[in-house]
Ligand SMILES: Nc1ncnc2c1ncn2[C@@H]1O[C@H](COP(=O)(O)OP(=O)(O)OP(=O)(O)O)[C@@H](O)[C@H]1O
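Just one chain follows, in the form predicted on its own, and it is written as structure tokens.
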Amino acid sequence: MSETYRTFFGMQREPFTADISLREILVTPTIKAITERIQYAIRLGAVALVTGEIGSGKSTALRHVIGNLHPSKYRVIYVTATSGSILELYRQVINEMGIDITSNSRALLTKTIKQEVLELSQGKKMKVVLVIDEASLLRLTVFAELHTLTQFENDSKPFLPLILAGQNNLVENLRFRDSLPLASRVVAKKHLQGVDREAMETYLDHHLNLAGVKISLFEEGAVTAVHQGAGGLFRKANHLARGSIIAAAKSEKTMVTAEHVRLAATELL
């Protein structure tokens, strides 16, 4: 798509992108609630869950929370889950820790991770936090074993709090019998849903402001159309909002209408 629409509306950069700085994230009540729950789980050395539909803002919320943990006090180990075995997950964790080891021994990998956690926790006095994004992809056999990674000194020391983020089935996966040892460690959870129309309007205005536009470009009907078309989900709202602005610029209209949003929707799956 041509970038002439940015010139037409006097935008300083691409609007409605995920590529925004930490300080530019719109801190919604939901993000505040997630922050409180994750901080609580970290303090206890327990497990917190963050769930929601695709595009609901899970990764953005995690980035906000993690980005505000002081690097001199916290060592965050962030991995994106796959459907692989527990060995694959352990290798991801070790790689994120910056440890060079090649082994297929589950016992050795577990020992290596725990030794590093102990060194960071007791030696460097840092709080280690393991974050697994897309955790709904994990096999049930991985859930069955993952809890052992958080056990230190006969399960008496909370050295490795765990944050699991994923789609709605993450909670269901943790209710299987083999997953119960890990599920029993969950002390907080938050589910992200589509936002209401008012919150969506605030979100649209916020991102326009980031692009250098100080007034709303969306008519009331256009805001409603974006909200309904996106189901209240931010990722799809980004695509609809940007596409509708492009459509408005092509027709040389200074305000985005519901018809422009409808045209943008025809380009999306």
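The numbering used is simple: start at 1 and walk along the sequence shown. As the structure is a computational prediction, the values presented were derived from the model and not from experiment.
FYI, the form predicted in complex with the named molecule isn't displayed, but the following is about it.
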* Asked: Of the residues Glu36, Glu201, Glu53, Glu219, which one places a heavy atom within 4.5 Å of the named molecule in the predicted bound form?
  -> Glu53
* **Contact residue in the predicted bound form, from Ile31, Leu49, Ile42, Ala225 (heavy atom within 4.5 Å of the named molecule)** => Ile31
* Asked: Wondering, does Ile66 line up within 4.5 Å of the named molecule in the predicted bound form on heavy atoms?
  -> no
* Asked: Does the named molecule get within 4.5 angstroms of any non-hydrogen atom of Ser59 in the predicted bound form?
  -> yes
* Quick one: is Ala18 in contact with the named molecule in the predicted bound form, heavy atoms, 4.5 Å cut-off? -> yes
* Does any heavy atom of Leu26 come within 4.5 Å of a heavy atom of the named molecule in the predicted bound form? -> yes
* Using the arrangement in the predicted bound form, list in sequence order the residues of 124 to 145 with any heavy atom within 4.5 angstroms of the named molecule. => Glu134
